[in-house]
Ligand code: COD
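Next up: just one chain, as structure tokens, the form predicted alone.
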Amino acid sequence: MIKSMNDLIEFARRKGKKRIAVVYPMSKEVMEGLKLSEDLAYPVLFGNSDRINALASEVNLKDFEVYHAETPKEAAYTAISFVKERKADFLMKGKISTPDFLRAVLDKEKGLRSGQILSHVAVQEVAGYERLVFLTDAGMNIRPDLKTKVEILKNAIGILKKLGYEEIKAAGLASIEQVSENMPETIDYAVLSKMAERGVFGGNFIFDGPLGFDIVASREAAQMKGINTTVSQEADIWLCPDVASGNILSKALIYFAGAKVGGIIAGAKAPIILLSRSDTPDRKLYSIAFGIAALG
């Protein structure tokens, strides 16, 4: 099992160097992330060539390709075409607005749609937790219904299988452990639990929910509350009820618990790295390693 970010980076390294198409990498922070990842990924950069070359020189990035684009939109569509034509292995967002970036990704004719729901998966290394956490969805689906939660879960399971996981455990995060008609996510989780029990998500997969965060994070808390679950402190996937709770939890773990984190969008024709402006070069490295690890 991959238990740390160092394990994830090593797993990605063993796959060999991959080509990453970067949309409008017009910031030093993006270039610093690419510099940290230079033994994992070969950058193919789309944007203003003069500015890109200047930034690359500033961070001492030497081995890359540049394709000039006048606008972020042009850069996005050209980069996506490289991925579709297999001239690059996966896609990364640079200094382009998220709506413009996603509009190009989701374009029915020119984008990277695969027919699946797109969902965000964040991989996090949290001190004191004995395995990596795959938190989903903290970035794409605002208020997913049951059908969407099924697809979000399938995307995450697919990634873990590519990472070599043979047995996968998942928890549905909620504020209570009982099913309540006033909390739709608790009903969804109960259905997902039964679907998992009946093999809908494949073999060697366990899902339990609804479960409070304390139950998922601590065996001691589960024992104190009298909750008997096999996923307590062993869940690989943390399924969130909505994007707000997932985003808040992810950032709380980063800023209050010092979690190391990387993230990708799953469900497209290739992994997509959707970075925040506040993401550090280290988080860019972890995201790139995660994107490579998630390649088929």
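So that there is no doubt, residue numbering starts at 1 and follows the sequence shown. Keep in mind that what you see is a predicted model, and the values were worked out from it rather than measured.
One more form of this protein should be noted, the form predicted in complex with the named molecule, which is absent from this view; the next part is about it.
The named molecule is not shown here, but in the predicted complex it comes within 4.5 Å of a heavy atom of Gly139. Taking the partner from the other structure, the named molecule in the predicted complex has a heavy atom within 4.5 Å of a heavy atom of Leu274.
Taking the partner from elsewhere, Thr78 is found to have every heavy atom lying beyond 4.5 Å of the named molecule in the predicted complex. In the predicted complex, at least one heavy atom of Leu106 sits within 4.5 Å of the named molecule. Here the marked residues Ser4, Gln233 and Leu249 all miss the named molecule in the predicted complex; none has a heavy atom within 4.5 angstroms. The stretch that touches the named molecule in the predicted complex, counting heavy atoms within 4.5 Å, is 139-147, out of 217-225, 139-147, 185-193, 78-86. When the named molecule is considered in the predicted complex, only one residue from Ser175, Thr98, Ser180, Thr71 comes within 4.5 Å through any heavy atom, namely Thr98. Of the residues given (Leu163, Ile206, Ile117, Ile157), Ile117 alone sits with a heavy atom within 4.5 Å of the named molecule in the predicted complex.
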